[in-house]
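In structure tokens, the next block holds one chain alone, the form predicted alone.
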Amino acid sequence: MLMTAPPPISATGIVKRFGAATVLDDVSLTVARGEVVCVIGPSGSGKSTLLRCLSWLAPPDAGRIELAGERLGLVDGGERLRSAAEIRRQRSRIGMVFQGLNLWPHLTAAGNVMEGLVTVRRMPKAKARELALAHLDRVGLLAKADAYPARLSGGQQQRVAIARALAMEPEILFFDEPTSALDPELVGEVLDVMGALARQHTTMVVVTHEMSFAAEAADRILFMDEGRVVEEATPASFFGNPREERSRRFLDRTLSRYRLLVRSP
């Protein structure tokens, strides 16, 4: 009998509350190996909170998350929290690139990429640097290996963050609005790297407002509003013929903004 490997990430019935506010309300998601899922929706719809729950940075109040078949955060049965060391081990299997440019300012680009390899994987520094240089080359920044973050543009810093995540060889990559803190002219260089990863069938969940990237790179679109998944579809179906009225209103407003930006004078 053929055994099928469990998906890199699977979540069922996720609920997250902050005080009286329910930010996620019964959200479920399964991501197949090699799949790119783009999560889109209006601000405040729960997209970033979903990623934080899926990585156990913000443990959900209800629901179940499995990382390649292993229950995340809780011992199977859900009655006991895993130890901090166990959670760190699990989290090391997830790569995450945040909105902010979260590099260590006292480390070079190579040093930032090496840090997790040395401190978490206990890799010798020479080997860690070799891998760091390979991943910086992968994102087009080998020439900046010994530059400190203050000497890098925002787009270059975010590409270092991507290299840092890739170096840990995660089973899945989460991107939380990775271009939102960048000047518009720098967005393209980050999206180019992410597009290349998508073409290499890197397993990714991407929270983004970049509709063109979602349309071109995603295998599946998840549209969220008010803490719920409103629609789930292929990019062709979602952008060409959305099923839900809420999806249509979102696209009408979003795409009309883009049309205004490119309208000839």
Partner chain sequence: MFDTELFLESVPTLADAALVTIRLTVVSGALGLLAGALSAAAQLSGVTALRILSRIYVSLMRGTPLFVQLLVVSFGLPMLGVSADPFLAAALAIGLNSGAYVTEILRAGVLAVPAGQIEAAAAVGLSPVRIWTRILLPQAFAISLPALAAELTIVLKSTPLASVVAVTEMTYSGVLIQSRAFSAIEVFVPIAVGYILIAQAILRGARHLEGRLARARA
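Residue numbers count along the first chain shown, from 1. The structure presented is a predicted model; accordingly, all values stated were derived computationally and were not measured.
Keep in mind that the form predicted together with the partner chain is not shown, yet the notes after this line are about it.
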### Query
Counting only heavy atoms and a 4.5 Å cut-off, does the partner chain in the predicted bound form sit next to every one of Leu57, Arg88 and Arg91?
yes
Handout entry: 4.5 Å heavy atom contact, Pro105 and the partner chain in the predicted bound form
Key = yes
| message | Contact with the partner chain in the predicted bound form for Gly116, defined as at least one heavy atom pair within 4.5 Å: yes or no? | response | yes
ask   = Heavy atom to heavy atom, is Ala143 within 4.5 Å of the partner chain in the predicted bound form?
value = no
In the predicted bound form, is there a heavy atom of the partner chain that lies within 4.5 Å of any heavy atom of Arg52, even though the partner is absent here? yes
The one option of Leu72, Val190, Met96, Ala132 with any heavy atom within 4.5 Å of the partner chain in the predicted bound form is Met96
For the partner chain in the predicted bound form, the stretch among 190-198, 177-185, 149-157, 132-140 with residues bearing a heavy atom within 4.5 Å is 149-157
Near the partner chain in the predicted bound form, with a heavy atom at 4.5 Å or closer, the residues from 162-185 are Arg164, Met168
